[in-house]
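Heads up, the chain below is alone and in the form predicted on its own; it's given as structure tokens.
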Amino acid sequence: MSTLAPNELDHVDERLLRTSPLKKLLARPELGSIVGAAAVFVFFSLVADSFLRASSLGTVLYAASTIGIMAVPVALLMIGGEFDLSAGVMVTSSALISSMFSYQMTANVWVGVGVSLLVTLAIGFFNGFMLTRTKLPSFIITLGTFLMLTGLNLGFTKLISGTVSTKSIADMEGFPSARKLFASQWTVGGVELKVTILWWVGLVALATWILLRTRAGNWIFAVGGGADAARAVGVPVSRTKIGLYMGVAFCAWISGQHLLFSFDVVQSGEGVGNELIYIIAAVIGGCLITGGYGSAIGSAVGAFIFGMTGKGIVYAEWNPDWFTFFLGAMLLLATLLNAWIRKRVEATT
């Protein structure tokens, strides 16, 4: 086994240097969020007796999955250097389109579900296309989309239904099969688990594979690190960003169908403000606001922290008047712990 002298080591390409598995683990973006999730879990295990019950696990996972399904594509979009402020309202728009089209135009809900998919993907394409063509910040583009969708949701719902909610489609053909796909549940060991958990896990696995094993993943990191530099080496920047926005739209469609087939009807004002929750979950999970850094697994951990915090407050039987205060404090502490762990790791590697 040969060793290199110090003067020889200076001339070795750093890409050829071997990195220990421990250093690779410490460099993962989701490490800080995992420590934060452990801290939140221990905290609520101590202050809320019912938090550790098996039945509580299903409730926490369900709450985390409804956030996590959207946090995954939002994390990829942030790694690509962009935001989507219309993500929360887009979920409601998708559900409204499925419900109203099915009720007004057809006797089978699957037709409405298909139309909703096409329209929602078109909204995502619109966001990406406008961003790449106008060069305006994604904050402005998606804020405009957010306002337009908010108005369309309320306007069309009142115009067609006469109220702020849609008509029930529970008795229509195709509803049971659609509900099975988007809003079913099953019992494992006495714990009720919702199908959204499977959607969430599948999306995390797919996004992780795309980021780490495909050329598209390299493109996402490249455009987030620097669009001009990425374009100079042949990365299709516009196509990558449009694809990321359409990914957000696809997951908004999944979340919207779950919303519709869980409750049969949809309120037109739902979804406002959820876009910030998705972004915060991605940030807690290690995604940088500046782009070029993050992971899908981290977004899942961030969503899990949200789920534990939201339900942990209920299990602790704290005064609901202080709900948002405790929720904000717990999330702030988790984020600060995440940042502290990351700085410590960077200082030792």
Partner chain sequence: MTRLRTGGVRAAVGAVLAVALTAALTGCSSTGGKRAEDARKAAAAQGRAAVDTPEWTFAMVTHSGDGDTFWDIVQNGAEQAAAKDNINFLYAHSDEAQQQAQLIDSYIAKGVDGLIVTLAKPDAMKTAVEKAVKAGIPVITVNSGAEQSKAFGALTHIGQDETVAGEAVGEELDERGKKKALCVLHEQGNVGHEQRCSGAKKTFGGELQNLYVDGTNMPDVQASILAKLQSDPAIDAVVTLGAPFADAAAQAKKTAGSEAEIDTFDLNAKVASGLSAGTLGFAVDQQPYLQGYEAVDLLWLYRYNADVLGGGKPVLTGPQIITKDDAAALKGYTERGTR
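Keep in mind it's a predicted model, so treat the numbers as computed, not measured. Positions refer to the first chain, counted from 1.
One more form of this protein should be noted, the form predicted together with the partner chain, which is absent from this view; the next part is about it.
Subject >> in the predicted complex, the one of A205, L143, V195, V115 near the partner chain [non-hydrogen atom within 4.5 angstroms] >> reply: By the 4.5 Å criterion, the partner-contacting residue is V115.
Original post:
From the list V272, V201, A216, M148, which entry has a heavy atom within 4.5 Å of the partner chain in the predicted complex?
Top reply: The residue from V272, V201, A216, M148 that makes the contact is V272.
Original post:
Any of the heavy atoms of S268 lying within 4.5 Å of the partner chain in the predicted complex?
Top reply: Because a heavy atom of S268 falls inside 4.5 Å of the partner chain in the predicted complex, the answer is yes.
Subject >> Close approach of T163 to the partner chain in the predicted complex, 4.5 Å, heavy atom >> reply: Taking the distances in the predicted complex, the answer for T163 is yes, it comes within 4.5 Å of the partner chain.
Original post:
Does any heavy atom of Y315 come within 4.5 Å of a heavy atom of the partner chain in the predicted complex?
Top reply: Yes, Y315 lies within 4.5 Å of the partner chain in the predicted complex.
**OP:** Check whether Q104 has any heavy atom within 4.5 Å of a heavy atom of the partner chain in the predicted complex, and answer yes or no.
**Re:** Contact with the partner chain, yes.
**OP:** From the candidate stretches 74-82, 222-230, 96-104, 207-215, select the single one in contact with the partner chain in the predicted complex, where contact means a heavy atom within 4.5 Å.
**Re:** Single hit among the candidates: 96-104.
Subject >> Contact test, all of L154, Q185 and L259, partner the partner chain in the predicted complex, heavy atom 4.5 Å >> reply: Every listed residue reaches the partner chain in the predicted complex, so yes.
Original post:
Within 32-67, which residues come within 4.5 Å of the partner chain in the predicted complex, counting heavy atoms only?
Top reply: S50, R53, S55, S56, T59, Y62, A63, T66 sit within 4.5 Å of the partner.
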